[in-house]
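The data below hold one chain only, encoded as C-alpha cells and taken in the form predicted alone.
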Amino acid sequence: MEVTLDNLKEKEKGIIRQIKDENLALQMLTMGFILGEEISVERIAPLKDPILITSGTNYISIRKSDAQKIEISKIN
C-alpha cells in the first residue's frame, strides 16, 4: 500500500519508494536513508511535529512537511 511517511503511526514500518524533493533526497541519502530500505517511525512529538524516524542504525528527526514528500510502501 503506497502512502507517505507522515501517515505512519509510532512503531509502524515501510519501505522507502520515492522522495519527491531532490534536496531532501540528497540530505536523506547523506544520512543513510536509501531508496528500497526499511524505515520506521519511532516517536511522534506531542504536537505531531517533528517525527523521529529510523533506518538501520540511523535515527533522525524530520518535519511533518518533509515526511509528506517521502513515499513508502507500508509493511504490516
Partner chain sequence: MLLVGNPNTGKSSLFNALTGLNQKVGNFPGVTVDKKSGSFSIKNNKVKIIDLPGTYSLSANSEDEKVTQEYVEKATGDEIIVVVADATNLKRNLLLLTQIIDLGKKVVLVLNMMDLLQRNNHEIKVQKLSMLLGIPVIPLNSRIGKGIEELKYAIANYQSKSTKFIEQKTSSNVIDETMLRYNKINQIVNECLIVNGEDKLAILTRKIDNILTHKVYGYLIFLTLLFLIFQAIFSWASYPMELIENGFLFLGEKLGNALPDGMLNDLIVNGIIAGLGGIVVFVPQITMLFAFIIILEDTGYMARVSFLMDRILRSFGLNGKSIIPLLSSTACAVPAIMGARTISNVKERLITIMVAPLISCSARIPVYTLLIALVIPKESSWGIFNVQGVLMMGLYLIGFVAALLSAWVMKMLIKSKEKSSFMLEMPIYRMPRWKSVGIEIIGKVKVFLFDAGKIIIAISIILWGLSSYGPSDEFEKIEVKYANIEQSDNSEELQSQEASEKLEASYAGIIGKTIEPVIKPLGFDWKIGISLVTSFAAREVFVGTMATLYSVGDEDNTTTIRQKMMQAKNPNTGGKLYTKATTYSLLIFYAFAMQCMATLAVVYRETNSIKWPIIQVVYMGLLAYFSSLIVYTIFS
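Here the structure is a predicted model, which is why all the values come from computation and not from measurement. Numbering follows the first chain given and starts at 1.
The same protein also has a form predicted in complex with the partner chain, omitted here; what follows describes it.
- With a 4.5 Å cutoff on heavy atoms, K13 does not count as touching the partner chain in the model of the complex; it lies far away.
- Using a 4.5 angstroms threshold between heavy atoms, I39 stays clear of the partner chain in the model of the complex.
- When contacts are judged by a 4.5 Å heavy atom cut-off, T54 counts as touching the partner chain in the model of the complex.
- Put simply, Q18 is far from the partner chain in the model of the complex: not one heavy atom of it is within 4.5 Å.
- Residues of 29 to 43 lying near the partner chain in the model of the complex, listed in sequence order, are L29, T30, M31, G32, I34, L35, E37, E42, R43, the criterion being any heavy atom within 4.5 Å.
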